[in-house]
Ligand code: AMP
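To begin, one chain is listed below as structure tokens, in the form predicted alone.
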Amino acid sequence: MDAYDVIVIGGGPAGYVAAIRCAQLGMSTALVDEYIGKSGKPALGGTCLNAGCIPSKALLDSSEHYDRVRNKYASHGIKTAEIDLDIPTMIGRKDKIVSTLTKGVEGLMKKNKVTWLKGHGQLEAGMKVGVIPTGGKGDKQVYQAKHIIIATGSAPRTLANISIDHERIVDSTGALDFQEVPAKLGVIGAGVIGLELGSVWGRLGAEVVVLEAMDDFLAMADGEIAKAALKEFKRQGLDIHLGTRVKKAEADADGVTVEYEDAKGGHTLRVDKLVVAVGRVPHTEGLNANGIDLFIDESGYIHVDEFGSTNVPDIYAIGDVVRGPMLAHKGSEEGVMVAERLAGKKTRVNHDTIPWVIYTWPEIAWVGKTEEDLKQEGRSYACGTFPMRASGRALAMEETVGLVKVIADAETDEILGVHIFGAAASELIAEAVVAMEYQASAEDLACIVHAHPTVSEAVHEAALDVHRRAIHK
């Protein structure tokens, strides 16, 4: 029986990063992964690289280029003739990017001498991992480990009353592979995934109707930011309905009929395609958690302490299968933390400064507390805001929608949260994360010189505005 210092189960951003770091620290490491890519062959990178973060961003970028050519270039004095839209080429570009990155991860495994065990991993007594070969071809192989890291990720949440046929009614993965633009697209769920996918096909010409069960739009985001985003997305053409309950969805040869209810009563919606994007759930199916008495809570999450330790000694869990937001970068950092702690280091992850990003356009990004959080806690705070329309660089770019909001403690001035709705918010938020990691004050951020003209000046001005010192507001 082959033995390893560490066996990682799951090859997504949490798992493969953990495996690489363990190997870098001198531990013999194996990675078990069962993912089958679009080509029909085993592929590393998990959902993120294969059917989530990366392919969705590739299509978001392509759709933004198309939207710019069609709607924005004329004001720059750039006039275009008739525009052709080649969806298969766009999808092919996305697939090529995915292939490049997944092969890159495979190369990193080889470079760091991590053994890739292709198949489904199961926990067994005595710190053993059974691996059922991909496709069931061959007998189960059993491997011994000193430490096991579970990083099996998440799967799309399903609705009991809706059957996904992968043709007319699809999940988030299926929505990345349409071969033509639906004339009318229904999306169930106005969360991160629903908004991103709705944005892609809406920019490309689809009429998009979004049905969201919650009464509040983007309840996890700051209320002021969410309100501004909802107004803009509706202006862009996303028909967003809040407080809805989808009762039934039936597909036929020509489309999908959706029945739903809201405060006004029952409604029927007819669409060409329907995307079910109602979040994700931890993926622990077939892990044999019960067989080793591994504790999983009622929501399906593996219970861990702040360092990723489970209730079973020497077994750890990271990423989407544990508490906290289902974010690739959160899982990766947890993987590094566990690997380094196995090597005797005192690494930890500060979950209070993990940034969130929604890759619509404009983007939405935030870190730390929302104003609603602080009101609920009864904590005194001060806010500073700055509108993108007052930014010279944003005006030159014709990206004046949105704002930056900085929230600081009313007494100590420590930055408690930063919220951005605007162009390149995903990049701008990094400055706020660094500041908060060093427990910076709003005054600290206000005293840093920002280059002019840049969109980042909006962060500077928002920090100044906490103490009503903004210059250009």
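Not measured: the values here are computed from a predicted model. Heads up: residue numbers just count along the shown sequence, starting at 1.
Unshown form predicted in complex with the ligand; subsequent notes refer to it.
Can you tell me if Val256 lies within 4.5 angstroms of the ligand in the model of the complex, counting non-hydrogen atoms only? No - in the model of the complex, heavy atoms of Val256 and the ligand never come within 4.5 Å of each other.
With heavy atoms only and a cut-off of 4.5 Å, decide whether Met220 touches the ligand in the model of the complex. It does: once the ligand is placed as it appears in the model of the complex, Met220 has a heavy atom within 4.5 Å of it.
Should Met397 be counted as a contact of the ligand in the model of the complex, where contact means heavy atoms within 4.5 Å? Taking the distances in the model of the complex, the answer for Met397 is no, it never comes within 4.5 Å of the ligand.
Using the partner position in the model of the complex, report whether Met214 sits within 4.5 Å of the ligand, counting heavy atoms only. Judged by the heavy-atom cut-off of 4.5 Å, Met214 is in contact with the ligand in the model of the complex.
Could you tell me which of 273-281, 378-386, 302-310, 343-351 sits within 4.5 Å of the ligand in the model of the complex, going by non-hydrogen atoms? Of the options given, it is 273-281.
Pick from Val338, Val105, Ile193, Ile364: which has a non-hydrogen atom within 4.5 Å of the ligand in the model of the complex? Contact residue from the list: Ile193.
Considering non-hydrogen atoms and a 4.5 Å limit, which listed residue (Leu159, Ala183, Ala74, Leu85) is close to the ligand in the model of the complex? When the ligand is considered in the model of the complex, the option within 4.5 Å is Leu159.
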